[in-house]
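Just the one chain here, laid out as C-alpha cells, in the form predicted on its own.
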C-alpha cells in the first residue's frame, strides 16, 4: 500500500550538504563544482563575474576588468550588445525552444550557405565539441573508412579524438579514452608538410578525414601547408574538415576559408555563430551532409545528428544579429588593426624586459608563448605569475590560451593591457615566487 510521507518513519539530516552558506561563490565553488570551475583551463585567480557591458566585466565585489577572455571567444561584439539583446528579447516573448523547424534557424542556415566556401547544407548542434564529433562521423560514413588524422597539440573539444590530439596518445590512454580510438587516430605535426606526406603514405587508403584547426592554437599555417593538405586529401579521397569553432567569423567574415584561401569539404562553426548562446553548426558539401537526413534513417550509412537544443531560436537570433553587425563596413579592418596593436605591444614588452618568448596570432587574436630557458617548465611558472598579476591589475585574460579582442575594445584599452603586461613581467622577474604569493583578493588598478 502506498504510504504518505507523514506515515513513513524517516529522519531528515538537517546538516547542509555543502558550503553553500559561504559568503561568496568563490569560496563554495570547490565544494559543488568539480575543480571549482566549469572550464578545463582555469584562471590563476578565482573570480565570480556578475555582469558585463561592452569590453568590461565586473565581479561580485564590483571590481572592474577589461575583458580579453570574452567568454572564451563568443563575445566578439562585446557584452550585452544592444542589437543582440533586442533580438533575444523579441524571441523570448515568443518561446525559447521548440525542437522543430523554426524561422530563425532556417534564416541562419541560409546565411551560412550564402557565404562563399564549402557550405551547401547545414546541421546545427549546441557546442563545438558536438560539431567536430558529428563532422568526423559524417566523414566516416561517407568514405566507409575509420581512421582520422589530427595534429599534435590541436584542440577540437572534449571527445576522444580531440583528447588524443591535444594531450597525446600516451596521456589519452590513461584518461578514459578507449584503445580502439587511439588505434584509429593518426597524429601528424602542424605546419610540417613532410609529416602529413609521411602519414598519407602509410595511412592514406584507410583515412576517412583530416580534422584540422586552420589556425592551430593561434599559430598561423605556413603558406603551403593548407593547400598541400587539401591536395593530399583530394587525391586520397579523404574528407578535409576545418574546425573553425575559433576562427569562424573572426579572421574574416568567411572565416579561415576566406582568410587563407583554402576550401575544405566540411567546416565546423561555434562560439561567434551563436552570439554568446549555445549553438554550433556543421556545414559542408551536399553529398556529405545529406547523410544526416532523418528521412534516410534506414540507409546503412545514415548518421544520427540531433540534440534537444540544436538550432533553438534564441541562439539563432543572437547569431543572426551578431553576423549582421560583423557585415558592417570596416569591421574586420578595425579588428585586425587592434590585433596588430596588441601583438606588437606585447612583443615589445617581452623585448624590453629581455624575456624569452614570442607573440603569435592574426586578426583579433594574440597569444604569448614563454620559452623555458632554465628547463623545469620555467616558462609555465612565469606565465602563471604574469597571468595572475594581469588579472589583479584589471586585465581579464587567460594566457594559457589567448587574448581575444572584440569590436568594442579601444586603443586605450589595448595600450592599458600592454602596459599591465609589462608591469606583470617586471614584477614576476623581481619576485620569482609571485605565482604563489600574490593576494588573489587585491583590488585591480583603476584606469578610468
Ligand SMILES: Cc1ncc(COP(=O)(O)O)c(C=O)c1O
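Positions refer to the first chain, counted from 1. No experiment lies behind these values; they were computed from the predicted model shown.
The form predicted together with the ligand exists for this protein as well; it is not shown, and the discussion that follows is about that form.
Novice: Assess the spot marked by 129, 213 and 271: is the ligand within 4.5 Å of a heavy atom from every one of these residues in the predicted complex?
Specialist: The answer is yes; 129, 213 and 271 each reach the ligand.
Novice: Note which of 363, 157, 204, 345 lies within 4.5 Å of the ligand in the predicted complex, where distance is taken over heavy atoms; exactly one does.
Specialist: Checked against the cut-off, the match is 157.
Novice: Exactly one of 140, 336, 79, 217 has a non-hydrogen atom within 4.5 Å of the ligand in the predicted complex; which residue is it?
Specialist: None of the other options qualify; the answer is 217.
Novice: Okay, which stretch from 254-262, 149-157, 311-319, 196-204 lines the ligand in the predicted complex, with non-hydrogen atoms inside 4.5 Å?
Specialist: So the stretch in question is 149-157.
Novice: May I ask you to state whether residue 87 is within 4.5 Å of the ligand in the predicted complex, using heavy atom distances?
Specialist: Contact with the ligand, no.
Novice: Using 4.5 Å between non-hydrogen atoms, is residue 164 touching the ligand in the predicted complex?
Specialist: Because no heavy atom of residue 164 falls inside 4.5 Å of the ligand in the predicted complex, the answer is no.
Novice: May I ask you to check whether residue 246 falls inside a 4.5 Å heavy atom distance of the ligand in the predicted complex?
Specialist: Answer yes; at least one heavy atom of residue 246 falls within 4.5 Å of the ligand in the predicted complex.
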